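So this first bit is one chain, no partners, the form predicted alone, shown in structure tokens.
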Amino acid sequence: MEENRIEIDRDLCDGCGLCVTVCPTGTISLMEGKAAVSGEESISCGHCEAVCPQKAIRVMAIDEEMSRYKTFTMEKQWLPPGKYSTSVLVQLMASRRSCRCFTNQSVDRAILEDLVKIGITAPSGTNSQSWTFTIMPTRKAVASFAEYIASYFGRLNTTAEKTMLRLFLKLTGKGELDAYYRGYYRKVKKALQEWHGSGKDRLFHGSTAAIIIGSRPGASCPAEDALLATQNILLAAHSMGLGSCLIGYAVAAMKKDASIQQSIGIPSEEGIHAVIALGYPDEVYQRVTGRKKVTQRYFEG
């Protein structure tokens, strides 16, 4: 395929064979002492381009603009395994917390665009990179989106109030509505009353921006890809001085009501996997905290 084309400058190539060794699809081989494209299964991962000491290889699908950031300059030198501080990395991970108190300061669009570029440094199944990112750059956009979500849950609550319907569905093996009523109905009802009464935002917590992470059809593991990109964005946002919070209610609503994503310009064929509220935090913590005890096991064959 043209989009997966690899160009090799035979004048620069010294025949070291490193590109052949790292290619996951066997697309490159040595011919007459030089690297050459011998297959058609390239996934455009860029391993060959990254490993070549002579800079003789170019993967045409890679867009250099996706590695140019507006708010900072990235070091181009590759970090080998073991050459970064694990302590500092874990400190960043442990310091990032879900923010539910935001200031009214807006987030610059350049920062939001850089967050997307940081997101796509994540791995993806067969390097499909089929993720999509919908940016809501203003509080107005976030509030408008929140109204769609609130409308969905308002309708769901009205349905959940019907006792006989819940009982009938439960008896026929469809207990989701009853489970929702017992677990979420009351807190959602209170949140909706506050939203429509005082304007208190218990969904997006007053955040001034948001990013929706979705996927186009065709990826081998779209949800996993999107969530890996999501984690990149969460950590990068913290490093940039932003607070972030995953909004699961919004994802749930969009999965149940396809009209929501169409209303905000997302094609119906795209899947939705994460919604991140973003903004400048109005909270300061004194220390990191731990986690619950984890289930850990070994399998030794």
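The model shown is predicted, which means the values in this text are computed figures rather than measured ones. One rule holds for the numbers: they count along the sequence shown, beginning at 1.
Absent from the display: the form predicted together with a small molecule. The rest refers to it.
Proximity to the small molecule in the predicted bound form, defined as a heavy atom within 4.5 Å, singles out one entry of Ile57, Cys245, Ala236, Ile43, which is Cys245. Arg100 is the sole member of Arg155, Lys200, Arg100, Arg216 with a non-hydrogen atom lying within 4.5 angstroms of the small molecule in the predicted bound form. Heavy atoms within 4.5 Å of the small molecule in the predicted bound form map, among the stretches 246 to 254, 43 to 51, 63 to 71, 26 to 34, onto 246 to 254 alone. At a distance threshold of 4.5 angstroms between non-hydrogen atoms, Arg287 is out of contact with the small molecule in the predicted bound form. Residue contact with the small molecule in the predicted bound form: His205 places a heavy atom within 4.5 Å of it. At the 4.5 Å threshold, heavy atoms of Arg291 reach the small molecule in the predicted bound form. Although the partner is absent from this view, Arg96 contacts the small molecule in the predicted bound form, with a non-hydrogen atom inside 4.5 angstroms.
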